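Take a look at this one chain, the form predicted on its own, written out in structure tokens.
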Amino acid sequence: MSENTPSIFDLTSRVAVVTGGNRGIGLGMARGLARAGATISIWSRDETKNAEAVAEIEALGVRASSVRCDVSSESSVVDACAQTVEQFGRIDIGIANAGFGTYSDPIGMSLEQWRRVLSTNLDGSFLTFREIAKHMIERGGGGKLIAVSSMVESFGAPKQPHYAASKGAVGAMVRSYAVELARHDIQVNSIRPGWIATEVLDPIVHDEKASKALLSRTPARRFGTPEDLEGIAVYLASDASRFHTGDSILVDGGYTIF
């Protein structure tokens, strides 16, 4: 390969949206895409965190911006997509990462608690995929849609039936979109992270008993970091994965197989 031949992992000239991309796993993936040359648009509600993330990404030598967006709101996602296309001219990569979970007694859980988690994790992923896919089909030329699911697709999550249900549904949605959009050269996949050390996981990471229990059944013998998601995000966003669609890829240090 000559030095003038572009790498199949080169994302220069691509525009990537990362929902919830201002911290944790989302910011880790945004950094990975930026290192590969992509222009980054962060969609999230916290404007202060958005600005900090944009500054960090721009320091890597690429263009970046943010849009205040609540992914559980249809009008907010529609507006965010329009603003991003207006600013950068196109969207080539859409990562539906925004999500959260709470711990609750599944017997005493209210319908409001249930719906609050699903509206962000599931509805938000659907709305993000729908709007970006609509744009990709209209402009032609294919694209990449990536959802951040969870390893809890594979096993029971105590006190988190709403979170587990949302992530299981995201996996099914990804497979359905993959079938539907393949004819448009749009690949759709999901990433299933394991125990990743972000601020959300801080209480467990710093709890000696809890962290010891989790790490004892993790073959890698450590918690993951947002940096551990950079490579898989770049692969799924690049031409290297043009025949790879409808998949759900575990990044968990071996936790679910041990």
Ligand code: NDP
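Note that the coordinates shown come from a computational prediction; the quantities given were computed from them, not determined experimentally. Note that residue numbering follows the sequence shown and begins at 1.
There is also a form predicted in complex with this ligand; it is not shown, and the following applies to it.
Partner contacts here mean any heavy atom within 4.5 Å of this ligand in the predicted bound form, and among 206-214, 58-66, 31-39, 187-195 they occur only in 187-195. Using a 4.5 angstroms threshold between heavy atoms, Phe126 stays clear of this ligand in the predicted bound form. Mapping the unseen interface onto this chain, Arg14 falls outside it, with no heavy atom inside 4.5 Å of this ligand in the predicted bound form. In the predicted bound form, this ligand sits within 4.5 Å of a heavy atom belonging to Leu201. Within 4.5 Å of some heavy atom of this ligand in the predicted bound form lies at least one heavy atom of Asp70. Listed residues Ile146, Leu122, Ala98, Cys81 were compared with this ligand in the predicted bound form; Ala98 is the one with a heavy atom within 4.5 Å. Annotation for 136-173: interface residues with this ligand in the predicted bound form are Val148, Ser149, Ser150, Tyr163, Lys167 [heavy atom within 4.5 Å].
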